[in-house]
Each structure stands twice: as C-alpha cells, then as structure tokens.
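A lone chain, given as structure tokens: the form predicted on its own.
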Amino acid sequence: MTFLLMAIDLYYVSPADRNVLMLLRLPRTVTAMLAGAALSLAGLQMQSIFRNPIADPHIMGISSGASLGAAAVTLCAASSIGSRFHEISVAAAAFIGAGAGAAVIMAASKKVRSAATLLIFGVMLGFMANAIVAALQFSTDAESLKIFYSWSAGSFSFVTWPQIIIMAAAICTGCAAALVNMKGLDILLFGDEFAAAAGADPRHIRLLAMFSCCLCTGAVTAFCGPIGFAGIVAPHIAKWAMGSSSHRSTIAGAMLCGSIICLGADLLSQMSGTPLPVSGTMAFIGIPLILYILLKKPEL
C-alpha cells in the first residue's frame, strides 16, 4: 500500500522533483540502509569469532585494508581503467584489501590470546594502511586527489544505481554466507574446545565468517568510504532488544539496527548548515557506547 501511494505521488510531482527523488534522495536512502546492514553483520560476526564485544571491521583494520585497496585504484590506476570497469575494479580492490587485512588479523589471533593486544594489533594495522594511503596521495594528480578526499570523508550521497546493484550483490552473498554459518557462530561463542568437542571446525567457521566480513566491508568501503562504529553499536542493541545472543535472531536484528543507525547518522549530517561527513556523525554515536563497554568490562 505504501509503495502504491509513493507511485501515485511520483506521478503527480514535476519531472524535476521526480529526478531529484529517484537520482538523489532514494539512492542515498537505499545506500545508507545497505551500508548499515552490511557493517553491522560484519561487526556481529567479528565479535563472535574473536569473542570480543568491541571488535568490528573499522577497529580491527579490515576497513583500512579495504580503503587501501580502493585508494590504490582511485589514486594510481584510475586513468588506465575505463569508466565502464572502474566501479567493479574499485569494489574488487576493496575486497582484496579487506581480505589482506583479515588474513593478517587471523594470523595474529593464533599467536595473541589477549583481546586487548589483538585490538591494539588491529589499530596498528589500520595506521599502517593509512600511512601507505598517505604516501600514495603524493604521487597522484590533483583531480584524483580531489575525488579521493571526497570519498575518504565517508558519504552516502554520491552512490549511483549501478554501484548500488554491485554493493547489494556483494552484501547478499556475505549475508548468505553468514546464514549458512550461523550455527557454527553460535557454537564458537563457547570457545574452540567446545566447538571441536561438538564436531565443528573452528577454523572453517572463522574463514567463512571472515569471507562474509570482507565482502560486506569491501563493498561498503569501495562506494561509501570508510564508515566506522556501526559494526560495534548495532550488534549490542540487537542483543539487548532480542534478549539473546543466538545468531538466528541477532543477524536480522543487527542488520535492521544498523540500517536505522546509518539513516539517523546521515540525517544528522544534513541538519547543520554545512553537511558533515557521515563518518563524523557515526563517531558521535559509536564512541560513547565503546567507552561504556570499556568501563563496564575493564578486563578488556
């Protein structure tokens, strides 16, 4: 019924207003919902496989790896890639970068048992990726640098329908992997020993979860820029609202919460006279919750 009313409204509005809605407003709304759902799903899985309540792609360095891959294409290879394949190449590079970051984190997790040390390792990995991106900026032209600065601020505004289709396809694949893996994620909450005793393979569960995280994080980072904190906030809200840590309910709940949070952050970013980067408004939402978790669980 709602869509019927929207279609009727679109019929009676002027062509200019219809273009604004279909080419600017609606793509922005869909992008925010997809990005929030994807990052929240990635954060939920990372919190489960590392058993750390403040693990997410942004903090653990996976977003930085995706940013490095996307920046390498945008800053160094944009002129040699045709416009037809540029969107796919950026998405592929972001996925490869996210996968590289995830591989390093997975290797470190086998040797580091402390959750706090692993988090610091992820933060340092992010700093290293950002340092490489900063070095790349000195070897590019002004036009590519301008595009990169706009992208690195984080925004849902400039994503087109073809990009949304690519993003949605990657996110749907990552979501399917998470749904297939949700029983394993439930078992892994009790530890590797319990998972092995139950007949599950902890290594396979982690690899499938990280594959899903890389797809979701890479797709969002490629087209929206680095968006942080949604992956931390939404899973905790979903677990609190559902009263359960079972992934059968929290996957859907976290994705819904993430979509709402990103839509709210995008609305806040537009309320000032000068639009703010979405990554900035997300920080205002996410950082207080992280501080609350750290104060509540000082052993982290």
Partner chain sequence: MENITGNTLLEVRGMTIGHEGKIFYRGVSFDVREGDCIMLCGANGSGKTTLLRAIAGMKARSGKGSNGIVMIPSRIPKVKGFTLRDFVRISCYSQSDLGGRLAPEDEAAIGNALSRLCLDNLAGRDISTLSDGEFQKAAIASALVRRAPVILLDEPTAFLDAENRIAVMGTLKEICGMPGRPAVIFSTHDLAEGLAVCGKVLALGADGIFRCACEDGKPDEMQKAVAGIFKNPDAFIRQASIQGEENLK
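Numbering follows the first chain given and starts at 1. This one's a predicted model, so the numbers in the text were calculated from it and none came from an experiment.
Below: the form predicted together with the partner chain, not depicted.
Q: May I ask you to state whether Gly184 is within 4.5 Å of the partner chain in the model of the complex, using heavy atom distances?
A: Gly184: yes, in contact with the partner chain in the model of the complex.
Q: With a cut-off of 4.5 Å between heavy atoms, is Glu193 one of the residues that contacts the partner chain in the model of the complex?
A: Heavy-atom contact with the partner chain at 4.5 Å: present for Glu193.
Q: Contact between Thr29 and the partner chain in the model of the complex at 4.5 Å, heavy atoms?
A: Thr29: no, not in contact with the partner chain in the model of the complex.
Q: Does Pro162 reach the partner chain in the model of the complex, with heavy atoms at most 4.5 Å apart?
A: Flag for Pro162 set to no.
Q: Of Ile205, Val104, Val73, Ile171, which one comes within 4.5 Å of the partner chain in the model of the complex, counting heavy atoms only?
A: Contact with the partner chain in the model of the complex is made by Ile205 alone.
Q: Using heavy atoms only and a 4.5 Å cut-off, determine which of Ala198, Ile88, Ala131, Ile147 is in contact with the partner chain in the model of the complex.
A: By the 4.5 Å criterion, the partner-contacting residue is Ala198.
Q: Since the chain is shown here on its own, which stretch among 65 to 73, 237 to 245, 31 to 39, 260 to 268 would lie within 4.5 Å of the partner chain in the model of the complex, judged by heavy atoms?
A: So the stretch in question is 237 to 245.
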